[in-house]
Ligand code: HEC
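Shown below, as structure tokens, is a lone chain in the form predicted on its own; questions about how it binds or moves come after it.
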Amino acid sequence: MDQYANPTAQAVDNVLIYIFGFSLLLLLGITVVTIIFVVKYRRSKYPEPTSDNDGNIWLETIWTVLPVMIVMTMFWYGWTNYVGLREVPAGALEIKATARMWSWQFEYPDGRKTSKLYVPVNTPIKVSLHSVDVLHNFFVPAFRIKRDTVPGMENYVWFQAPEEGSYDIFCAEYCGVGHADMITTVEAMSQEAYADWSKPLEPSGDPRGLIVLNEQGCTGCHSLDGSDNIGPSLFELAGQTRKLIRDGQPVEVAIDENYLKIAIREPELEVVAGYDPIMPPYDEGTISAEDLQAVVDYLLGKVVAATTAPDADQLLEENGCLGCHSSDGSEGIAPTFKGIGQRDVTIERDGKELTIKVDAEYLRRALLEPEADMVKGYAPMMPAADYLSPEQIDVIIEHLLKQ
């Protein structure tokens, strides 16, 4: 790899070599002088002091000033290179990285999402770091970049891939039992290959409003099928009313376009009775006016989802399922998907062990109520997939039964 085309690695390596070089030089110098003094001025040769000097101003000045200068140059060199690691070059391609237990998801400017980070070579890349659950750490050894990914705090790193290839990405912060398997790669491509890869995708069958709800994580708190969740359900809102707490007083209002826009932009103004005021506001920097209107139209039933079925492999990848479940039969922190539709499993249900055939009913229960049927030998850590639509659940089940 060309070091000079890899600016982040060059910055870190140069500082390391500088500090290590001076440390090695001082170690050797002090060791040699110590050995000379031990041999030359040993007690058997000079049992009594031969000099009454109690100091040397020049020697004391040198061994005080010189180390201070060395340490200050180390600080200056380290600081200037650190600043370079935090100053993103103009025109950098920005990609959002979302960490979760235990997988990475990368979102590109056009909205496409992947589990591997695809980048063009010789182009500055800014990776915006986010976490949806616990503390993770984004670490790419080849580029010497390592940064915490903290829930509720936006962080970033940048790098530039000097040549085509695959470079490992690790989570360098212990984040649970699947920490060691939270591995993916940077896939560096030629400019031409990346341009071809990043061509606009065929439009999905979902309306824009539903896409925005999923992208913003709204379905993590609000169900789309009428079931209870952390927030009120978004199922068939048109014509309904809501009981709100307004200025400390309970009121009942009709759900219309104006109400929904206020509830999204300024949710703290009118909290639905019986729910905690925990929803964050979504300003225009988060949801544009066009996307807000698309969401409102979708919630009020002015648009409906197209009949195009979602892709099962894409759903499994985008939702981090492949971070715990392998698809090639290898052992992991969760049962493999390979052959799952043709085997029996031993589960723990209501404190009893049962061996059952894997069928659609079992898979649906495993997706929506994973704590109810725990596969023997595996930890109870899978989150419920109730943020997926019924259609998406059906597609995943059909796909898994064919494995």
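Numbering starts at 1 and follows the sequence shown. All values derive from a computational prediction rather than experimental measurement.
Separately, the form predicted together with the named molecule exists; it is not shown, and the next lines address it.
Please run the contact check for L117 against the named molecule in the predicted bound form: heavy atoms, 4.5 angstroms, yes or no?
It does not: once the named molecule is placed as it appears in the predicted bound form, L117 has no heavy atom within 4.5 Å of it.
Is there a non-hydrogen atom of G320 within 4.5 angstroms of a non-hydrogen atom of the named molecule in the predicted bound form?
Yes, contact at 4.5 Å.
Can any non-hydrogen atom of A379 be found within 4.5 angstroms of the named molecule in the predicted bound form?
A379: contacts the named molecule in the predicted bound form.
Can you work out whether Y298 and the named molecule are in contact in the predicted bound form, taking contact to mean some heavy atom pair no more than 4.5 Å apart?
No - in the predicted bound form, heavy atoms of Y298 and the named molecule never come within 4.5 Å of each other.
G84, L93 and V127: each with a heavy atom within 4.5 Å of the named molecule in the predicted bound form?
No: none of G84, L93 and V127 comes within 4.5 Å of the named molecule in the predicted bound form.
Among the candidate stretches 107-115, 249-257, 190-198, 322-330, which one is within 4.5 Å of the named molecule in the predicted bound form when only heavy atoms are counted?
It is the stretch 322-330.
Just give me the single entry in I145, L316, I245, M279 that has a non-hydrogen atom within 4.5 angstroms of the named molecule in the predicted bound form.
Selected residue: L316.
Can you work out which of A11, I19, L388, V395 has a heavy atom no more than 4.5 Å from the named molecule in the predicted bound form?
It is L388 that has a heavy atom within 4.5 Å of the partner.
Check each residue of 358-392 against the named molecule in the predicted bound form and list those with a heavy atom within 4.5 Å, in sequence order.
Heavy-atom contacts within 4.5 Å come from Y362, L363, A366, L367, P370, D373, M374, V375, Y378, A379, M381, M382, P383, A385, Y387, L388.
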